[in-house]
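Below you'll find only one chain, the form predicted alone, shown as structure tokens.
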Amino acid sequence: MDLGIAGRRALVCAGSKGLGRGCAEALAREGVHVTITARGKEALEATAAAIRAAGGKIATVAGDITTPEGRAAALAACRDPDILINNAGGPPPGEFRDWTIEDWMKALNANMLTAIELIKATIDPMIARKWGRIVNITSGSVKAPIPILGLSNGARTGLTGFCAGLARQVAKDGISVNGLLPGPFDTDRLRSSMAFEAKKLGRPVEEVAKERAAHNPSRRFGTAEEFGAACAFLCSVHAGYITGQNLLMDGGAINSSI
């Protein structure tokens, strides 16, 4: 299927690894001019090299997207993107009694306010062009909170609520705003979470990983490639009537009828 987005411009945040990289690769395969940003320059350039080798058009910006300077640099490199993929690493797991107000502010900045700032910076040109796609990579915890990830639960749910209202305001302008909610994908984030759990339980991390995968209805973890494909479809010309939605990708882990 031709997604109809060749020649469009996309900004993919945290695009050097994991799910962000999966999205960048999928968009580049569709002929999108992709700009990826991340803090680690080495990983960023390695991802860019792989995408170029596959024939994709890619630019890189090393920086912290959660800072004003990082956002300014990313937007200078990718002016007026047609597609915005908001993505940022989640806050650490833990016990809510241990979290300070500074911990909460850091989580809110990274996983709610940064995305809103990027949307604010890019939405008006999209409205003027009568076309745009915004995809927020959040978490399955938006639908089913994860007890040890309280900081993430709170911040990402706040972004989801904001975008639910925004999506209905800009749909008439040819813009869709959706969330992609990953469950257990084989990424650094999942491995970190399993390491935390294994340490807490005093068990080998390999044992915890095998057990987690076995408990998923699909009996496996997801891949960045299939996540990226779903993201690319949401950005396509075929998905313009899908907006204000939160697509859960978790192999059926969350037992729900909606």
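Please read these numbers as outputs of a predicted model, since none were measured by experiment. Quick note: we count residues from 1 along the sequence shown, nothing fancier.
Although not depicted, the form predicted together with a small molecule is the subject of the following passage.
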ask   = the small molecule isn't shown here, but in the model of the complex, which of 37-45, 203-211, 51-59, 229-237 has heavy atoms within 4.5 Å of it?
value = 37-45
Single option in I137, A155, A74, L84 placed near the small molecule in the model of the complex, where near means a heavy atom within 4.5 Å = I137
inquiry  = Given that the small molecule is not shown alongside this chain, does L11 nevertheless sit within 4.5 Å of it in the model of the complex, heavy atom to heavy atom?
reply    = no
Non-hydrogen atom contact R189 with the small molecule in the model of the complex at 4.5 angstroms = yes
Distance check, G150 to the small molecule in the model of the complex, heavy atom within 4.5 Å = no
ask   = Do S16 and the small molecule come within 4.5 Å of each other in the model of the complex, heavy atoms counted?
value = yes
